[in-house]
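The form predicted on its own is given below as one chain in structure tokens.
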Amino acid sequence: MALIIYGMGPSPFVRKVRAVFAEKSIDYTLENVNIFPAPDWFTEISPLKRIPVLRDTERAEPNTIADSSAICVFAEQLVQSPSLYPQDSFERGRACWFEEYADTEIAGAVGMGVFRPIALAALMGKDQDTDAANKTMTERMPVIFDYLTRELGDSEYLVGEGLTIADISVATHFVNLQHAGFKPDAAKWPTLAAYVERILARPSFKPLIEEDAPLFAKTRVA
């Protein structure tokens, strides 16, 4: 089986899929696609013009799957151990809820409110909007930090006793937060700060972060 992931490394959704593949030791090739603007061939396989898209070159067309969540379900079925979706029906539902929360609420706050005005702006040669980023960190992110802290409680993971799609989906956005020079205040949110550090230190995440680090070395807010 020859799998291709179309996308860009800094995308939190591409990173989510790549982390899942790494946890399951699934081989793939990453092919960079710039969606600003998306090429015509890509819009044909990604109607929403979003990354990532997976292609299985050993299948007859149509042989693509668009959307990170759909690709992660494919990966879970392809390689069932280690499982990243709880077997208990209620816990599986909660894991999928955290994935949705990460893909929408956290992605919107971090992506549009912090990463885009700081890191992406710098990469595109534009002025960084530190006021917008600081406003998001002051007004919007604490609500997210508080919620995740409550949900974690005394546990090491968001759902159950092991890593799930919930943890991967949430943690990937904290990478982009770090690329912009921000992170949860460990004095105020010690549980969350330790959780993020622990998840991002995993072999599935650490190499991906190091891969993109040189690109963002000079874009962070000091």
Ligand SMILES: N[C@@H](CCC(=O)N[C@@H](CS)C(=O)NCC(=O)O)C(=O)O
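When you see a residue number, it is the position in the sequence shown, counting from 1. Since this is a predicted model, take the numbers as computed values, not measurements.
Omitted from view is the form predicted in complex with the named molecule, to which the following refers.
In the model of the complex, no heavy atom of Lys183 sits within 4.5 Å of the named molecule.
Interface membership of Thr172, defined by any non-hydrogen atom within 4.5 Å of the named molecule in the model of the complex, is ruled out. Looking at Ser204, you'd find every heavy atom of it more than 4.5 angstroms from the named molecule in the model of the complex.
Arg59 falls outside the set of residues with a heavy atom inside 4.5 Å of the named molecule in the model of the complex. Considering the named molecule in the model of the complex, the lone stretch of 184 to 192, 158 to 166, 23 to 31, 47 to 55 in range is 47 to 55 [heavy atom distance within 4.5 Å]. Within 4.5 angstroms of the named molecule in the model of the complex, the stretch 63 to 90 places a non-hydrogen atom from each of Asp67, Ser68, Ser69, taken in sequence order.
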